[in-house]
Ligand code: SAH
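Only one chain is given next, in structure tokens, and it is the form predicted on its own.
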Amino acid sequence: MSRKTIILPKGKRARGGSPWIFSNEIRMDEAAKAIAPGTVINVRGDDGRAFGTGYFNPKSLIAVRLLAEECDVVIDAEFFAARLTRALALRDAVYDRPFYRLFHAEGDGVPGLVIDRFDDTLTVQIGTAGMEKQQTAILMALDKVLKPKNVILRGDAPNRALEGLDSYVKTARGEAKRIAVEENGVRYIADLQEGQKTGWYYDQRDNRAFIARLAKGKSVLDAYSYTGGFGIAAAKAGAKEVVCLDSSAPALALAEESARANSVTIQAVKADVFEELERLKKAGETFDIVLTDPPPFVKSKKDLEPGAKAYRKLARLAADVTAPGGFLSIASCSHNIPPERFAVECGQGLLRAGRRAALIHQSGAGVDHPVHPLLPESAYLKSLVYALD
């Protein structure tokens, strides 16, 4: 096999088992710079040690993403079919219905590839030049393993720009459509073409179920509700009042449609969350359960300090509108803020609100979002639930 080789003279992370190799860890000579982004390569140490097969992008900070521990592994439809089959077996062991994240990038052994399953419909999110080059092989593998009726390609994640890729959303098979998602006995409406990410957030499935168990007879504020995942689950569980708060009118329209599909009632409020929390505080309004699931405040390491401050402020404002004896849930999908720092900032926010709190539940994403054991960044979701005095 004639394949280019990337030399790793340092590579401390890779030598510790990480699937990511950064540009400052490799021998970035003229030969390496000339390799086309997304090319499958071998990785070896300057001592000849084999680090495996991966794909390379000289334009990216994460220059190499490893696909296999051996060199010269053939990356084709058969390779992807084998990884997909293994991923499918894990999901089938856990879930009764075919609604889940089918493939979770590094956690399932293929960096840059995310696939969500909605019964016979799949949304495929390709985030790197290496996976973009493998699009045909990926689609062939999906056909072999699942034979989906509809396949929507979501190539619109912001990180694609860092890989030198264009943004697009297109249908590879069937039709891109709105679809009913079944989760925890609740029926949601998702827009797989226009919605965020792959159209739905399966990562909060277990956390939505936990909150639903607390919701009967309670008033609930679902801030950053998007399409109402938490709020509608709470309403279905018997909440007496549910307010879904978001800045997106289309997302709230889907939330209202999902509420009707479950024969429950919600109040959809379009507003900036921070501004609305301030208004609610001034008005003296409180809720028995307050949920906050914001977009990432720490998109990169340089955003850590202002992002941490934003989480602290959010915790303070959310605590201000949580009734005595109530529950407050705060989540972060920013992998660039460590769990310990996130917890500290939330705790400081509660302190500044003058609230005594007990942390009663902490979790991440569900089983269908496996974490690579040597890549902490793949454990991005953090969720904390507090009981307040």
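All residue numbers refer to positions in the sequence shown, first residue = 1. In this text, all values refer to a predicted model and were calculated from it rather than measured experimentally.
Form predicted in complex with the named molecule: not shown, discussed below.
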| query | finding |
| --- | --- |
| Candidate spot 226, 248 and 293, all three touching the named molecule in the predicted complex (heavy atom, 4.5 Å) | yes |
| Residue 196: touches the named molecule in the predicted complex, heavy atom cutoff 4.5 angstroms | yes |
| Partner contact for residue 80 in the predicted complex: the named molecule, 4.5 angstroms, heavy atom | no |
| Touches the named molecule in the predicted complex: residue 201 (any heavy atom, 4.5 Å) | yes |
| Proximity of residue 316 to the named molecule in the predicted complex, heavy atoms at 4.5 Å | no |
| Which of 293-301, 86-94, 68-76, 113-121 lines the interface with the named molecule in the predicted complex (heavy atom within 4.5 Å) | 293-301 |
| Residue among 218, 208, 160, 312 with a heavy atom within 4.5 Å of the named molecule in the predicted complex | 208 |
| Answer option from 166, 175, 272, 305, heavy atom within 4.5 Å of the named molecule in the predicted complex | 272 |
